[in-house]
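What follows is a single chain, given as structure tokens, in the form predicted on its own.
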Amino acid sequence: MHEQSHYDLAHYDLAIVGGGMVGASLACLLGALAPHTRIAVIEASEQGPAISEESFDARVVALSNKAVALFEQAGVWQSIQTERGKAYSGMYVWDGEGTAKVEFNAGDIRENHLGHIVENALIVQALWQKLESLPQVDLFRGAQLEELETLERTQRLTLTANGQKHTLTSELVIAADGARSQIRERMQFRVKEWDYGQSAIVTTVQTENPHRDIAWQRFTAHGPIAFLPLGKLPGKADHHYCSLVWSADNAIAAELMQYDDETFRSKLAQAFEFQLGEVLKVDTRYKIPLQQRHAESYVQPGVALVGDAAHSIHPLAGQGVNLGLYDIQVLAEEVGRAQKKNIPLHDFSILQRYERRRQSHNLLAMATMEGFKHLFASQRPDLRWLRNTGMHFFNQQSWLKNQIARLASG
């Protein structure tokens, strides 16, 4: 990787706007699948994420086994898989408004685990370290995109960093700049979006009882509560730390944020039905508004949306980041395929193939999560009976349950 400090005109095959998890993963994966691709990564922040020895990053991701395979292919999984990354071998889901439950176990599908819970900061740090070893990648840190102009066969980008301007051209621009994508807005991609009227409270908690490498989720009428198992911090008790994602109606979430730590811990343990005993400690809490977005199209000539820039999903099943990683897996495959067939990267068929392979899958995942949300939020007696009866039946159907577990693990 060459870190850009001299702002001279340069041409790239790909310019990736956004050097977070999805954007940096794409650059690393292209290093493996299309090693002759010259790449610019344009990142707004100056420094990589800070990692503390004393506490976990409040933001974590539940990586499917398929996502882990992607990181292995990109050459970064070994550095991600530290003691703080936790493989989980089971999932326990129950209806807080009834008696039904569903249990998934990795052994039932002949896997060692269903996935991994890993802090965002650890993944991004590993990706940035990998970028440093890739000579075909230039990383522009602290860079703001000022202009994006479509030319005949290229895109021209004007950046500002440290008060200086830099202009570069690229055959493809990839928007990996998140749910509020600047590229998506500039290029006037049409988006369907709706507000759930909910927020997610995220933090790290220490529990009285060990998590047993299980991801726990309780559905309530106001939103799901998830305890995701974390690994070990130096000198701290193992198997007693979880990442909390508590989704609740906005008014309830605002009230929860106002409580002092002792009151919040008490309310949380009660809401979670003491599944892991008392909540002994809680870290700094963050409140994130929940919205769903989906771009009607992911591509225009020379420009593609990936990850949250293309689709944002309710965090119900922790699938959001996995969908983004599946996006970049397909896009990297299509770029690699084009290079092998000597198809120029400005050929629109490359992006069209990417969109065809990803859009229907993402729409299905979003519709499924939306259906689950409405089903579990309903207080209608007939729907409560239906979901409890259905969950009881589902939990007894080993073959069907194992198929779902395989899908969730990727």
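In this text the structure is predicted, and so the values were computed from the model without any measurement. A residue's number is simply how far along the shown sequence it sits, counting from 1.
Missing here is the form predicted in complex with a small molecule; even so, the following discussion is about that form.
*Asks:* Just one of 288, 271, 338, 256 has a heavy atom within 4.5 Å of the small molecule in the predicted bound form. Which one?
*Replies:* Of the listed residues, the single hit is 288.
*Asks:* Exactly one residue in 200, 303, 205, 137 has a non-hydrogen atom within 4.5 Å of the small molecule in the predicted bound form; which is it?
*Replies:* Exactly one listed residue reaches within 4.5 Å, namely 200.
*Asks:* Every residue in 69, 229 and 275 with a non-hydrogen atom within 4.5 Å of the small molecule in the predicted bound form?
*Replies:* Contact check failed for every one of 69, 229 and 275.
*Asks:* Among 142-150, 329-337, 215-223, 258-266, which stretch sits within 4.5 Å of the small molecule in the predicted bound form, heavy atoms only?
*Replies:* Among the listed stretches, the partner-contacting one is 142-150.
*Asks:* So in the predicted bound form, does any heavy atom of residue 279 sit within 4.5 Å of the small molecule?
*Replies:* The answer is no: residue 279 has no heavy atom within 4.5 Å of the small molecule.
*Asks:* Decide whether residue 44 counts as a contact residue for the small molecule in the predicted bound form under a heavy atom distance cut-off of 4.5 Å.
*Replies:* Output for residue 44 is yes: heavy atoms within 4.5 Å of the small molecule.
*Asks:* I'd like to know whether residue 14 contacts the small molecule in the predicted bound form, with contact meaning heavy atoms within 4.5 angstroms.
*Replies:* Because no heavy atom of residue 14 falls inside 4.5 Å of the small molecule in the predicted bound form, the answer is no.
*Asks:* So in the predicted bound form, is the small molecule close enough to residue 60 to count as touching (4.5 Å, heavy atoms)?
*Replies:* Contact with the small molecule, yes.
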